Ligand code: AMP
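Before any questions on how it binds or moves, here is one chain, the form predicted on its own, in structure tokens.
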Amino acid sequence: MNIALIGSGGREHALCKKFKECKKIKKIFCIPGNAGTAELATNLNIDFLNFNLLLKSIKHYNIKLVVVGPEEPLVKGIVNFLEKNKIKVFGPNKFASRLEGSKAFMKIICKKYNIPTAKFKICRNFKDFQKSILGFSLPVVVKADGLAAGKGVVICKTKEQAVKISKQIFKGKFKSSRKVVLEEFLTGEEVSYFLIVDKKSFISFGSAQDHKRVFEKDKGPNTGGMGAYSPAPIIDKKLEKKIIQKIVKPTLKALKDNGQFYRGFLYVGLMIKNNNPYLIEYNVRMGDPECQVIIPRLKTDLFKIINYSVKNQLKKLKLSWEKNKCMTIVLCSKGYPGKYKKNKIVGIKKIVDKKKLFVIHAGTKKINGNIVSNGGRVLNIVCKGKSFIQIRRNIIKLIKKINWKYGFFRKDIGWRVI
């Protein structure tokens, strides 16, 4: 069977690498892909948000299944469009994708179904915001309601900062947001918990801890993620049970009560406080860079899992995992998450991937046979092993060998566990 993978980041390269092991897949197409996926699949440089053009390509290349990587096409309804045109697709529909597409929508579900989350207020205009902020102590979290590529959440230490950020959101800094969600600041340990869901059931798909802040010691602005490790030791069987009972099941029930259902990867972003989980956010796809540390530990055929989900037969499946731990450190373009230069040559031609230490491409492309930077997060160096401290040493050693003068990285990924 021919399959297509939508997206161009590290998550997509990691998924593509896994799909390459699946015997039943004849050909993989990545739309648009990156320099890493080009080695494993056929990259199709088309705009996946142009659904009609996408459909033409799917039919032309006889693609039987589409796996959607990023959130934007999901929120814009790619699943509804493809299903209407009789194409099998793995990912949540437009309604279910609002769990990530609208923070206000997610918070309303939390309130109605008693899902533990931070105290919040949805502000529709600046006047509303001015009145609402009086009910919060500092620091306060200001969130853009819609998609903002991981940059729509700011922890504000002063009221002046909160006012400034909210004004930017109301003025349309993020195209998808005209509302602000004010939220109390929760202290605790942040963790990501993953599931694969179908119409009738769900299965756990591992855990990871991401490092959102750009600088060491968790300083500086939020990014899409500077590194991650899996599994997250904080999630034991007892805590997992609480996450499922208090958060996952009520959310899926909320969708059902609306005559809807969820299918696809579900990413549950949590804060753990006094051994209790609080929902921070949902993402309606695999995390990036969390995918890069979860997928390499998976022993079960990924294509088989996705097929079972599409057929609503996940109940029959039991997943198998490696005992190894896994970590990734993201090599970024200098200036990220602000302004950075593109098209800088990344000299990794001589770097040979090993079974337990390898490079996943994120923001890369090929120009005249050279691999060049094409984004803020350029490479993910991934390593598996028994101890996180040794894994991190191996990664840093390889980054130093790559010696990319236009890049930077965090040396303290995994500080909590190490």
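Position 1 is the first residue in the sequence shown; the rest follow in order. What you see is a predicted model, and the numbers here were worked out from it, not measured in a lab.
Absent from the display: the form predicted in complex with the named molecule. The rest refers to it.
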- request: Although the named molecule is absent from this view, report whether residue 198 comes within 4.5 Å of it in the predicted bound form, heavy atoms only.
  value: no
- prompt: Is residue 271 close enough to the named molecule in the predicted bound form to count, meaning some heavy atom within 4.5 Å?
  reply: yes
task: Would you check, heavy atoms only and a 4.5 Å threshold, whether residue 170 touches the named molecule in the predicted bound form?
output: no
- prompt: Heavy atom to heavy atom, is residue 280 within 4.5 Å of the named molecule in the predicted bound form?
  reply: yes
query: Among 330 to 338, 251 to 259, 235 to 243, 185 to 193, which stretch has residues whose heavy atoms lie within 4.5 Å of the named molecule in the predicted bound form?
result: 185 to 193
query: the named molecule isn't shown here, but in the predicted bound form which of 98, 143, 263, 325 has a heavy atom within 4.5 Å of it?
result: 143
message: If the cut-off is 4.5 angstroms on heavy atoms, which of these, 155, 317, 214, 302, is the one near the named molecule in the predicted bound form?
response: 155
- prompt: Taking 103, 118 and 222 together, does each of them reach the named molecule in the predicted bound form with some heavy atom inside 4.5 Å?
  reply: yes
